[in-house]
Ligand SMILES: Cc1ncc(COP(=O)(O)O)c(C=O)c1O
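Only one chain is included here, represented as structure tokens and corresponding to the form predicted alone.
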Amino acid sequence: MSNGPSDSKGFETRAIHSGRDFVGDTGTVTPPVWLTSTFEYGNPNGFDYTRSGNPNFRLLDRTIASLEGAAHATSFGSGVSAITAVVSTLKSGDVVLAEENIYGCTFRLFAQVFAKFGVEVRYVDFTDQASLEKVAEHAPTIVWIESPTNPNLKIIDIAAVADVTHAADASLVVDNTFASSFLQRPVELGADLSLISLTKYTNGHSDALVGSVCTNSDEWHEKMTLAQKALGLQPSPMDCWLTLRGAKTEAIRMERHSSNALAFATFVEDETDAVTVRYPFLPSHPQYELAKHQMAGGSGIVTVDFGRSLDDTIKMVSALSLFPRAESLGGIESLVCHPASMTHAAVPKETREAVGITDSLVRFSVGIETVGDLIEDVRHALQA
């Protein structure tokens, strides 16, 4: 297999040209989908059974590693499968020190699955300097953060957390899903692992489930490869093909997501009675300067607390016509989510509210439609 375009090439060039191999004598510009469960023994590329490897996996892995600025990438069946792969490397008695505003499915996985195997998870606020200073006191095996976080869009200083994590002889995992590989590359900022749900911005079309773990560590890469095979966490060849296709337009989509979301967030902040509006590239964001330094754009998520009752919030969300109510994000189409009743319903109410996930909080995934139409849709829903 060829090495593809060098890392000195631009993001867009690598996204388009990295995933073209195994073309044989056909000259096909777009590689096919290898819909096979097994391979004839002794083939030149060492494939044997799709659970432990498939050409579509390899093409996607190499492309994502390049886009994330990492030496290795391993693809999984979903973002949660990627989380499972990482946590499966832990043993009873190990401590995970996690950001308190964490993805609801990650919280559920820790609390309802891995807690039974003796993995302890402790939650802190990683935007608080005091928390950084006390990382070593927890003796963690892994430090787990998201930046931006879901759904409150806290921006965490990845390089600073990497420094204290490594000083504590631990590994740093950064969930990069909300930022995307185009806007932020955690491994280049010092993270040991960059975990990303490729389902979202990388694929961009809401038609495939894939996750990935990227790293510069040969040891971590071996662990992820074993988890993919031994735990049956592999993606489907078709979903890999769809995601590789989506990655080719990630750059231009992320530019539009970011410009639309900034205009949308500015409207909500300036022209509605919202209590709080969170968007990383709004000057009012608490970590605005850090976001501008750490990210190439603000991405496509806007989180708003409208300060209304639960019933009124649900009515407003239901009145939207261009924002289907759905739990995902990152597709070309806009979506709206009510975290308290959807993505974070598994988190106890008192825990949710302690980190700012109130009943009146709404998360908008701003797509690439005409932004004026999205603004008018929200304006109408608020009036209704």
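Because the structure is predicted, anything quoted here is derived from the model rather than measured. A residue's number is simply how far along the shown sequence it sits, counting from 1.
Here the subject shifts to the form predicted together with the named molecule, a form of this protein not shown in this document.
Residue heavy atoms within 4.5 Å of the named molecule in the predicted complex occur in exactly one stretch of 220-228, 283-291, 193-201, 89-97, and that stretch is 193-201.
Interface residue remark: V80 is counted as part of the site for the named molecule in the predicted complex, having a heavy atom within 4.5 Å. Using a 4.5 Å cutoff between non-hydrogen atoms, L60 does not count as a contact of the named molecule in the predicted complex. Contact check for F178: a heavy atom falls within 4.5 Å of the named molecule in the predicted complex.
In the predicted complex, the named molecule lies farther than 4.5 Å from every heavy atom of T74. Comment: the named molecule is not present in this chain, but in the predicted complex one of N150, T243, Q184, T215 has a heavy atom within 4.5 Å of it, namely N150. Screening F306, F114, Y103, F267 for any heavy atom within 4.5 Å of the named molecule in the predicted complex leaves a single hit, Y103.
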